[in-house]
Every structure is written in C-alpha cells, then in structure tokens.
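Below, in structure tokens: the form predicted on its own, a single chain.
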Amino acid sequence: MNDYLKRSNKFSEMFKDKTQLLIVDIDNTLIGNQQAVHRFAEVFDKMHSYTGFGIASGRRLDSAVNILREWQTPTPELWITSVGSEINYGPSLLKNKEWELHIKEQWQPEAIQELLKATPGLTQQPAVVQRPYKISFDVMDSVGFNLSELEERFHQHNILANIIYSHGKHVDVLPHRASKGKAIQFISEQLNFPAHKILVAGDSGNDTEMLKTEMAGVVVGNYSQELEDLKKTDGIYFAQKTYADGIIEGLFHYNFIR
C-alpha cells in the first residue's frame, strides 16, 4: 500500500464512528474564560462518542498545542493552524500532505514579501510566526489601511493569493487555495462529511471564510466588529453568550447535542 493510502486510511479511521464534526477557533472563541472552558469540556464529553473535534486557528501548530494544554480544553483530533495553511491530525500530529500539495500551486512567497515590504503602513511580524505557506504583517494604522487597494496591487502584479485581514491589525497572506474555510471544505471531502454535519465557530476576520460556507456557523458573543456584516448572511448564528459558552449555545441552536 502506498504512503498516500496509508495516510488516508489513518485519517478516515479516526472519524469512522463520528456522525458530525465541530471545528472552532482558539483565541477569544474556545479560550478566554476558564469557567466557560470547563462548561464546554463537560458538554463535549457527552458528545465525543459521535462528534469529531477540531480547531482552526491563526496560531502555528506548536503554539496551538501548548495553549490548549494550558487551558485544559478537550484534545482536538484535527488541527487546522496558521490561518488554514496547515492541517495535522491525530495524537501524533500527522501532517496532511495532500493539503500541502493542493495549496502550493502558484504560491510566490518572494514576490509577496517584496510587495508587502513596499506597502506603506505594514510591518513584518517576527520570523517565528512566519510559515512556509503564510506570510504575516501588522497594520500600523488601521484607519488608513485599505484591503481592497492591497488586493488590487496583488492583481496588478499578477500574484494569486488569499489576503486575510483580522482584528483590525493583522494581515496574513496565504496561497489562493488556502484559508480556514477552504481547509475545512477539503477535510469535508476527504472524510465524506456533508457540510450540514459540520459546525464551525469563530470571533474574528480570519474566521470569515469558514463562517460563510454551507456549514453551520456560530459567531460567539464577544466577536470583533469586522464580523458585523455577517449578520446579513443567512445560516450564521450570532450567539448571545461569549467565548466557549457561545459555542455551547450554538451547539444547542443547531441541534448538534443529542
């Protein structure tokens, strides 16, 4: 059996008994209130036999692992990290190499670096947060920053990329095939999970794409203002409760809890 089939079988085996999938952002969604995390852990313990659990975070993998241990959350089986540019799974954190092969097409990191460095008002984040398929900058003046203008500059230079603006101060540039939403859709196809059996939850701009998919979307009560426009989008539930309590509220809203 070749390596691809071995990896595919391991991945599918993990979720063979699951009938639904819960994927949530980490910062200010899953974590942020310790008592809410405890309540979420109690609720999820009753769901775990039939629900797969994953995270979709802007954090790199090692940072995501460490912060979830610190907050004593349930352990994810699926790790979507670096704003959706990397996918790992299982206790051994195996890399989903098919995803990497899928997103690397037409990726031009050197050209992107040069273009962003020449863009006024942006400063590059430390090397430790840069990833092979994610280039990250900070916005010095959110009032003067115009995402549409930056996208137009990419277009003028014939650079295909996905530009993600979040929290009013971060700009992450990914391959044009990569994002949290696209990563979850890729997983959905690999596992043959129908979209309506997947619930996603988030709080900020880098969650927009996954919230706007056909999956059940939940925005927790402490969301960033950049998600305000999503109230006009059908199929996205804005929870009243904050942090992990908002996730629980969403689970009940979509009848994900038996």
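Heads up: residue numbers just count along the shown sequence, starting at 1. Fair warning: this is a prediction, and the values are worked out from it, not measured in the lab.
There is another form of the same protein, the form predicted together with ligand GLC; it is not shown, and what comes next is about it.
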Note to self: Against ligand GLC in the predicted bound form, would Asp172 count as a contact residue? Criterion: heavy atoms within 4.5 Å.
What the structure shows: yes
Next item on the list: Mark Gly52 yes when one of its heavy atoms lies within 4.5 Å of a heavy atom of ligand GLC in the predicted bound form, and no otherwise.
Entry: no
Checklist line | Non-hydrogen atom contact Asn206 with ligand GLC in the predicted bound form at 4.5 angstroms | finding: yes
Next item on the list: Evaluate Lys134 for contact with ligand GLC in the predicted bound form, applying a 4.5 angstroms cut-off between non-hydrogen atoms, and reply yes or no.
Entry: yes
Next item on the list: Using a 4.5 Å heavy atom cut-off, indicate which stretch of 134-142, 112-120, 151-159, 95-103 touches ligand GLC in the predicted bound form.
Entry: 134-142
Next item on the list: Quick one: from Gln108, Asn88, Ser188, Gln125, grab the residue that has a heavy atom within 4.5 Å of ligand GLC in the predicted bound form.
Entry: Gln125
Item checked: Position in contact with ligand GLC when the complex is considered in the predicted bound form, options Arg59, Arg39, Lys197, Lys212, heavy atoms within 4.5 Å -> Arg59
Notebook entry, point to check: Should the three residues Ala201, Asn222 and Ile248 be counted as contacting ligand GLC in the predicted bound form, with contact defined as a heavy atom within 4.5 Å for each?
Noted result: no
Checklist line | Residues from 187-202 in contact with ligand GLC (non-hydrogen atom within 4.5 Å) in the predicted bound form | finding: none
